Ligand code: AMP
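In the block that follows, a single chain appears as structure tokens, in the form predicted alone.
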């Protein structure tokens, strides 16, 4: 049996940074990269299922990204993933979460896992759409914001609890194969030992192209995306004022502030 775990290497801003000349992103030299926090919990959940299983379970980590994404995949291998797959092609550059989901779905068709785990969202873009979009491309059942999972490897169904608004938990059963997006706190992600880190450095990472997955170049990148970045900028800093006095004085001051802001009568 196989579990597929989608992993993203996310970018965080350094203290000092500069916007790229085209105004659509931050200069790469100012970004700090690491495994997406939500994906760390997804991997741990897959590893827990593997370790509790009576029959062999293969955990495969997959990432869509250029060569530097290998660092994230090697961290997954060091923690216990059996294999790692990275998908990249220059045509993928500029893909939004929907185009990335199209690629992940193609990998899932190739690997035929019993379940695909993805983080609820990524810490950089936070669209929370990649996992559910992948399920849509696969036409698989899916559940989002999973906070607890009970699954016996090889079973046709899994039972899960997911978070709803107001702290309410919703318990349901889902048929497999399925896509689950995993929430923070579902488990406690492990740390990789120094020995396993060294061993992971020597393990191969399978690199797939669009051609390997049967995806046409126009289906990814900006042409295959439903959204694109128009502009990235640092917002102007506002200012705050504490309005003192009694109610009448506060109202008069507020009316003056509004008048000054809109340039008309208040």
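A quick note: this is a predicted structure, and the numbers were derived from the prediction, not measured. Positions refer to the first chain, counted from 1.
Below, we turn to the form predicted in complex with this ligand, even though it does not appear here.
Next on the checklist: Only one of these stretches, 232-240, 58-66, 207-215, 43-51, has heavy atoms within 4.5 Å of this ligand in the predicted complex; which one is it?
Outcome noted: Only one stretch qualifies here: 58-66.
Next on the checklist: Quick check on this chain: which one of 108, 72, 115, 120 has a heavy atom within 4.5 Å of this ligand in the predicted complex?
Outcome noted: The option sitting close enough to the partner is 120.
Item to check | One residue of 146, 77, 135, 104 in contact with this ligand, assessed in the predicted complex (non-hydrogen atom, 4.5 angstroms) | outcome: Comparing distances to this ligand in the predicted complex, the residue within 4.5 Å is 104.
Next on the checklist: I'd like to know if residue 36 sits close to this ligand in the predicted complex, meaning any non-hydrogen atom pair within 4.5 angstroms.
Outcome noted: Yes, residue 36 is a contact residue.
Checklist entry - Taking 4.5 angstroms as the cut-off for heavy atoms, does residue 6 touch this ligand in the predicted complex? => result Because a heavy atom of residue 6 falls inside 4.5 Å of this ligand in the predicted complex, the answer is yes.
Item to check | Residue contact check: residue 187 to this ligand in the predicted complex, 4.5 Å heavy atom | outcome: No, no contact at 4.5 Å.
Checklist entry - With the cut-off set at 4.5 Å between non-hydrogen atoms, does residue 100 touch this ligand in the predicted complex? => result Yes, residue 100 is a contact residue.
Item to check | Residues within stretch 127-158 having a non-hydrogen atom within 4.5 Å of this ligand in the predicted complex | outcome: Contacts from 127-158: 127, 128, 129, 130, 131.
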